Each structure stands twice: as structure tokens, then as C-alpha cells.
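The data below hold one chain only, encoded as C-alpha cells and taken in the form predicted on its own.
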């Protein structure tokens, strides 16, 4: 892997300034629905103590009609810096929700204008705001006026290939008072298919004065370096690359700060992390946490002998002990092997565990 250019390395060695907030990392953990709860964020932060974390996105309309805050909005007072992400199309509801987010401890409030999922866009939220720039601008202005912390935006490059309007859109968000914008280099129509078009992020960075964060296809240290070199962005945001691999944000952050690679976690270390993740989800959410853990466990179970078998059984676990036993059995078998890197045989799990 090639090193960063001296000029880029010098810039990335300085803190990321988001309005009045200084963040000592240029690598951010993306908000991911159903993933970035407090348990997951704690694992990521262990390896990336300085990085900005994001909650799962919170529906501002739903928040307006409930007395108690939803669990996805819960933050640990010690997990700083932290941003709470909101979505909606109503400026007044979003302003109200932003005030609740700040009261909960948010260091920034992020507005989701990029989610491509139909159930979000059909109600005017997420990436549908790319087609309603006036509404998007009104949202940012209302939230900026409502809270004392920086307001940021996460979006995509456009609705379709024929409707790429990110340059005008990003400018309007900056003019409305956004203090940072994260650009996912795909259109809404792409979803997560095809390569991210980093060239649009480069153009956004050239056009704006506020920090621009690159998002899309950041699955490795090499990809992060390549993206930063190509776009000149002020940082990168990791999304799907952290699912089942909460080490990634820390690996990239360490390289950007030192120029050295962190040792890649072994299979056993990854499985021990999966075990801890499962246990913590159960302790935090009970049986619902175990059900949510199934997808996490299958993401961890990749790239080693017995992985397919393990995935098949972890996605069916009914209680926490089942999952712990499955993981422990594979760890024990791996420990019995003379050299983990030389494994070639599939490790069979006992049926019905």
C-alpha cells in the first residue's frame, strides 16, 4: 500500500473541526440502522477512542408523539464525541427532536438525507430530500436555530444517474448553516450496488468551505487512503465495512496518524469479539438483543474454516447460551490447530447445538 502524500498526511494529522467542536480523528463510524446501538459503538470505540460515533437514525415525528426517548437514542455520557442522527421532512419536528438529542448528550446533530429505503423516502425523509432542496434547506435552518451544537448532513450524490445534483444541494446545505456534510458517492437508485463515484465527492470538496467527509466503499485501510487521495476529503466515514468487523475505524485512524499498520486481528480474536458482542446485546436488550445478534454473528463468521457451518447455526440461535456455546466450540477447535494460518479443513459443528 502506498503511503499518503506528505501534504495530505500533514492535513490529516490535525483535528477535524466541525463548527465549534474539535474531533481528534478523521475517521468516523457511520450511523447504521439496526447496527450502531450503544453495544456496537462501545466495541468500535475500543479501537478508535477519538472517532465520532453516530446513533441509529431516529424518526423525529415518532419522537414528537412519545414521552420517553427510544432506546436507540440512548448514549453513554462517556462515549464522546457522539452524534445523534435524525430523519424526517418536517422542519419543526426536526428542530424539536434536535433539542431532545442535545439534552441527551449529542455533540452534533446529524440530519439523514441519504437513506435509500422505500419506507423512509416515501414519507419524505432520507434521500427523497435530494428532490426537495428547499425543504432540506428549511430543515437545516430550523435545526441550526434550535440547538447550540453543530448541525451536519449525510446525503448521496443524487436521486438517479440523471438527477445528480449534489453540488447545488451541498452548497445549499452549507448556506443554510450545516457545519459538515458527509457524501455517500452513490445515487439513491444505486442503493449499495456498483462502485461509489468518489469523483463527485472531490467536486463537493472543491466547492465547499465546510468539512466534507467521504463515504462509500471504505472497506479497508487501502480503500480509505485511496479515497482520501482521490477526493481530498477531510475524512472518511466507515459503514458496511464495520459490520462484523468493529476494528476497521481504529485500523484506518491508526494508519492516518502514524503511517503504520495495526496488526490484523486473528480469527480467534474476531470470534472472541463476536462472543462479547452477543453477551453484551443480551445483557442490554434481553431476548430481543439475542434476536438482533443473529445478523451480527453471521457477519463475524466469515473467512475461516467452519465459517459457513457456524453462520448457518448462529442465525438460528434462540438464546444467548446457544450462541456462546457455538462460538466457544469453534474457538476451541482453532486453538487445537498448530497454525491458524495453515488451516485448510472445514471444522464441522455438532448437529443441533
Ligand SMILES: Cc1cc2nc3c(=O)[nH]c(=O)nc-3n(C[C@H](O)[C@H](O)[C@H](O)COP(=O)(O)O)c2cc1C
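Being a predicted model, the structure only gives us computed values, none of them experimental. Numbering follows the first chain given and starts at 1.
The same protein also exists as the form predicted in complex with the named molecule; that form is not shown, yet it is the one meant from here on.
Visitor: Please run the contact check for residue 218 against the named molecule in the model of the complex: heavy atoms, 4.5 angstroms, yes or no?
Guide: Yes, residue 218 lies within 4.5 Å of the named molecule in the model of the complex.
Visitor: Given that the partner is absent here, does residue 239 sit within 4.5 Å of the named molecule in the model of the complex, heavy atoms only?
Guide: So residue 239 counts as contacting the named molecule.
Visitor: Whether residue 323 contacts the named molecule in the model of the complex should be assessed with a 4.5 Å heavy atom distance threshold; does it?
Guide: Residue-level check for residue 323: no, no contact with the named molecule.
Visitor: Give a yes or no for residue 51: in the model of the complex, does one of its heavy atoms lie within 4.5 Å of a heavy atom belonging to the named molecule?
Guide: Close contact is absent here: in the model of the complex, residue 51 is far from the named molecule, nothing within 4.5 Å, heavy atoms only.
Visitor: Considering non-hydrogen atoms and a 4.5 Å limit, which listed residue (32, 290, 327, 38) is close to the named molecule in the model of the complex?
Guide: Checking each option against the named molecule in the model of the complex, the one that comes within 4.5 Å is 32.
Visitor: Only one of 112, 187, 121, 231 has a non-hydrogen atom within 4.5 angstroms of the named molecule in the model of the complex; which is it?
Guide: So the residue touching the named molecule in the model of the complex, by this definition, is 112.
Visitor: When the named molecule is placed as it is in the model of the complex, are 85, 154 and 192 each within 4.5 Å of it, taking any non-hydrogen atom of the residue?
Guide: Judged in the model of the complex, 85, 154 and 192 all sit within 4.5 Å of the named molecule.
Visitor: Of the listed stretches (163-171, 209-217, 128-136, 223-231), which one has a non-hydrogen atom within 4.5 Å of the named molecule in the model of the complex?
Guide: This holds for exactly one stretch, 209-217.
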